[in-house]
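Okay, so here's just one chain, in structure tokens, the form predicted on its own.
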Amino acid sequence: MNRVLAWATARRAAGAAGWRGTDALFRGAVGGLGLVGAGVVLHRVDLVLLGAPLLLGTVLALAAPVGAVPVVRAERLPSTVEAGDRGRLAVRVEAGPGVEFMAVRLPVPGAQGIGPVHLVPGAARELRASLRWNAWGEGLDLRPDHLAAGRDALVISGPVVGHEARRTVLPPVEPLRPGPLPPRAAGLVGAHRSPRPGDGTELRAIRPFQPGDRVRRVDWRVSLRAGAAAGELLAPGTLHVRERHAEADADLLLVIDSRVDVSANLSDWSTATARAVRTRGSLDATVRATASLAAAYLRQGDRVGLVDLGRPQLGIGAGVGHRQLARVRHQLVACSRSAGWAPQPVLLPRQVPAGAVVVLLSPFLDDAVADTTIRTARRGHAVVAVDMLPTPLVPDPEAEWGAVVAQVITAEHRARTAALRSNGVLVVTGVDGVAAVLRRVRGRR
């Protein structure tokens, strides 16, 4: 009697803790009891033999009541990772007695989303999984949903939705050789030589001493030789000073077009994607190229800023150093998350620093972005347009006029790039040609 009371108390506690019976419990109890009762009433031994094992198995499975509801915890991982990084995840399971197996959702390396469900024994206390973040962006990569089951799965707890772990995967930075930028005329210090005299480190000329020159600029070796030639040391006109070039900052403004995101297949242009950015699409290539350009020129010591034509409020001002590169990469993820069509691209004059070089990356699929680029060049800025349209375009095989549509789009795109060149905009395909173009701009200036 005491054992029966203890069992009943344990069953009530399990029910209050969140355990509930399944259809298997109902079928085992009702079916087994019904067959045994029918066999006794009808004097059918075969029915008793069929129902007794079913009823006995159900009773034996319930004889060991389950304890508290299992708890599944995943260890904390960094909130920001690099594209291509790997990680090891440990999921700890706290399950009481009576749990036979558990179903836990675990991620798989390189998979999109939160991963499939894995069936593990109830005695497992720690589960490990490998992670690899291949695609850049922000999203959900871990949610340890779980379901616990008792013996023979007659009682279960869950499913329980786990805590979502979101992570920001920064765009990758590919090695890129930067080109020289023209120094900003208003700069006083920086990483580039200015044609003006100043307090830099590079020698400009050696000239006679003039009123106002500092004594620390005197070149004593040249001055002594000049005095010896004149026959009198430190005579008037024998002092010479070193004149150096001023060092000036150079600004690079990276402008991205997040209004459109297209792939090489024209059949995909009208379809939505599960991710915010198409894999190998124009926006994906734009973000990767922008991150590489920012890293290359910031490593060179230049000032780099970012502007989004579709969302101008997401732009960041020019800055230097590793912190600025991190800001640019995080902001690229934010721009891609908010990407979408905007009828009018925005690039205001106040967004472009004086003397800055503007590198605008866009597939140039509408006249509005071409007009914006031309207006920026007419304000006196050096503008480099990077064509990010995937080539060659693949017509839609199911459309009757697929080939004609591809020809029209290509012809319009060619006309826009020709208009850009005729208005003084330097047009290149891909970021590899940016350095050579900037060398020509520096030479002209």
Partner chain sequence: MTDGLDVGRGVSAGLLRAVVAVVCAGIVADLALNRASVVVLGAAVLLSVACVFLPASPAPLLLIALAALLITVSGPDPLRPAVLVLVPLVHLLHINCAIGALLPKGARLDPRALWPAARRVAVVQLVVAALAVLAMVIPAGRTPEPVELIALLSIAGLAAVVIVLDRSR
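Only a predicted model underlies this, so the values are computations on that prediction, with no experimental measurement involved. Positions refer to the first chain, counted from 1. Throughout, rigid core stands for the largest set of C-alpha atoms superposing within 1.5 Å between the two forms.
The next section is about a form of this same protein that is not shown, the form predicted in complex with the partner chain.
*Asks:* Counting any non-hydrogen atom inside 4.5 Å, which residue from 394, 404, 399, 56 sits next to the partner chain in the model of the complex?
*Replies:* Selected option: 56.
*Asks:* Can you pick out, from 318, 365, 147, 347, the residue that has a heavy atom within 4.5 Å of the partner chain in the model of the complex?
*Replies:* Contact with the partner chain in the model of the complex is made by 147 alone.
*Asks:* Name the stretch, out of 339-347, 290-298, 75-83, 117-125, where some heavy atom lies within 4.5 Å of the partner chain in the model of the complex.
*Replies:* Partner-contacting stretch among the options: 117-125.
*Asks:* Answer yes if any heavy atom of residue 70 is within 4.5 Å of a heavy atom of the partner chain in the model of the complex; otherwise answer no.
*Replies:* The answer is no: residue 70 has no heavy atom within 4.5 Å of the partner chain.
*Asks:* Give a yes/no on whether residue 177 approaches the partner chain to within 4.5 Å in the model of the complex, heavy atoms considered.
*Replies:* Because no heavy atom of residue 177 falls inside 4.5 Å of the partner chain in the model of the complex, the answer is no.
*Asks:* Just to confirm, residue 62 within 4.5 Å of the partner chain in the model of the complex by heavy atoms?
*Replies:* Contact check for residue 62: yes, within 4.5 Å of the partner chain in the model of the complex.
*Asks:* Given that the partner is absent here, does residue 103 sit within 4.5 Å of the partner chain in the model of the complex, heavy atoms only?
*Replies:* The answer is yes: residue 103 has a heavy atom within 4.5 Å of the partner chain.
*Asks:* For a quick check, can you give me the residues of 26-45 that have a heavy atom within 4.5 Å of the partner chain in the model of the complex?
*Replies:* If the 4.5 Å heavy-atom criterion is applied to the partner chain in the model of the complex, 26-45 yields 26, 27, 28, 29, 31, 33, 35, 36, 37, 40, 41, 43, 44, 45.
*Asks:* When you overlay the rigid core, is the Cα of residue 58 off by 2 Å or more between this form and the one not shown?
*Replies:* True for residue 58: a C-alpha shift of 2 Å or more.
*Asks:* Any CA movement of 2 Å or more for residue 390 between this form and the one not shown, core superposed?
*Replies:* Not so; residue 390 is displaced by less than 2 Å.
*Asks:* Given a core-based superposition, decide whether the C-alpha of residue 377 shifts by 2 Å or more between this form and the one not shown.
*Replies:* It does not reach a 2 Å shift.
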